[in-house]
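Only one chain is given next, in structure tokens, and it is the form predicted on its own.
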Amino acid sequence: MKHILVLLLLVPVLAFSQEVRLAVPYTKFILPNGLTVILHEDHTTPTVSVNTWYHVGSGRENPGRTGFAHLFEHIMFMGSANVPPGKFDQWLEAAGGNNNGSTTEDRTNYYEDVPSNAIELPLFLESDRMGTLLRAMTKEKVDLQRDVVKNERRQNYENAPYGMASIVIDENLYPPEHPYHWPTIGYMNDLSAASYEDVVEFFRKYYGPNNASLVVAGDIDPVKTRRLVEHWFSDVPAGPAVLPPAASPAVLSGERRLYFEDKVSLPRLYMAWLTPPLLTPGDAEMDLLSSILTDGKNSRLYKRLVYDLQIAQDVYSYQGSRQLSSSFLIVATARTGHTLGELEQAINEELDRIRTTPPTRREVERAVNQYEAGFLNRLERVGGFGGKADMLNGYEVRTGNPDYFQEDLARYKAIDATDITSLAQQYLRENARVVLSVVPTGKKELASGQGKEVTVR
């Protein structure tokens, strides 16, 4: 009788463990003006997310004219022909909605999450600024938002502890002509030098419907929603043709060892490498390697540096996946009384281990499970940054298939331990990296090695 009971208990476990293919059904069409539209039904809650991607980020800018894409993220909220300044947010909030925008090197994204009975409001708002922003844009509005962006740069970079490190790293990972060399926030001199005509021309070139994609996801009727999209967006004129982004592959021919002094209490070490672009072979492996190294208290670097040796205040790593090129970073802050040279030695020893000996099966399974849990958690929400609507848009732009969910997750599940070791050998080389020390003012001796002092700008 006990054996029968055990068998009965195992049946649901076996059934639960069967692989279930992820599928996110969608309707896709392209308007005559070139706008790509994706519709997805999800009646879990009575809400709708309108998610717009403009295929322009800081990587579309030119040296000497940086910061335009992020500047437009701000200007797009300053009113259009039929939406007075301040009303964009006010009308959405009155309807019970919320919205936001963000800019990266590869794209600019806006979303509006509203109750499903208010679906027309974000469609009207997005179509109006797509089609009529220039009619309402003035030199005074541009100057106002230029000052806002400058203050944002001061707050988040120049006056923030360790704030300039990311800028220095990208300047040294990528050559001056590469689209990822300059920061998304832009350089102060470039923001000051940009004329009103420069800004207008940037909008005309990149913000047409033919260089955008729109996702409407949530509690919708696809037939009715298509009619609404056609009603609000069909009369927006197409812009000039925009070629896909391109850049010569970035290559590091040696180690670049740098340091700068900052108003900080503790020194911090940054180690950065060039790695495979987003969704290409090797990208997922580097994600899992990051998890094995620093995700959780039992991860290799966290356990050794923070718990065992007690020489680090914290340590983290990540694969910064981007469309043209990615970077892998390890960042560690020294504890009082310790130098960055101590941290680097311990990190190098752990990297040598991972390059020569594959991680354990348990480490890989744990990393895959953590990634899958986060992935599925994002699928549970439709709106916001990183939600299902945003993922549909991202997959459409990068693969041409909005329902790329199964294929994306499968990349991680197919990885074994030897793959991670092979990629660590190939990309995390000591002779092809940037090592940056950020030290307290007047304490150069805490830097790691004989680095070159850099001037931050």
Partner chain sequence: MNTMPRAASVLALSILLVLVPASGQTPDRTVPPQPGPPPNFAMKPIQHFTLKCGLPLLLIEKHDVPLVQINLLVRTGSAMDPGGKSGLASMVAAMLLEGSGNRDALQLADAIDYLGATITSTSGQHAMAVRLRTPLVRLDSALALFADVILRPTFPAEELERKRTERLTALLQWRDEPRMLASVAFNRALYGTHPYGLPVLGNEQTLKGISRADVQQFHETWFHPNLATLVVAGDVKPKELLARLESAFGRWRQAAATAPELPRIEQVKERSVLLVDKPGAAQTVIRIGRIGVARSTDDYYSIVVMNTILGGSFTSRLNDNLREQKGYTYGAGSFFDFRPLPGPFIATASVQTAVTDKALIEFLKELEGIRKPAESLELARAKNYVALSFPSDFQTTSDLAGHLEEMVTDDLPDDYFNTYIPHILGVTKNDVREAAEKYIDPSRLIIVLVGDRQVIEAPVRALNLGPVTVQTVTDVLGAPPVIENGK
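Numbering follows the first chain given and starts at 1. Just so it is clear, the model here is predicted, and its values are computed rather than measured.
The next section is about a form of this same protein that is not shown, the form predicted together with its partner chain.
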Taking 4.5 angstroms as the heavy atom distance cut-off, pick the stretch from 262-270, 349-357, 245-253, 315-323 that is near its partner chain in the predicted bound form.
262-270
Contact between His178 and its partner chain in the predicted bound form at 4.5 Å, heavy atoms?
no
Partner contact for Pro115 in the predicted bound form: its partner chain, 4.5 angstroms, heavy atom
yes
Asp170 within 4.5 Å of its partner chain in the predicted bound form, heavy atoms
no
Against its partner chain in the predicted bound form, would Thr138 count as a contact residue? Criterion: heavy atoms within 4.5 Å.
no
Its partner chain in the predicted bound form has a heavy atom of only one listed residue within 4.5 Å, and of Leu134, Leu379, Leu279, Ala238 that residue is Leu379
Within 4.5 Å, heavy atoms only, which of Gln345, Asn189, Asn156, Ser195 is in contact with its partner chain in the predicted bound form?
Asn156
Would you give me the residues of 355-377 that have any heavy atom within 4.5 Å of its partner chain in the predicted bound form, in order from first to last?
Arg362, Glu365, Arg366, Asn369, Gln370, Glu372, Ala373, Leu376, Asn377
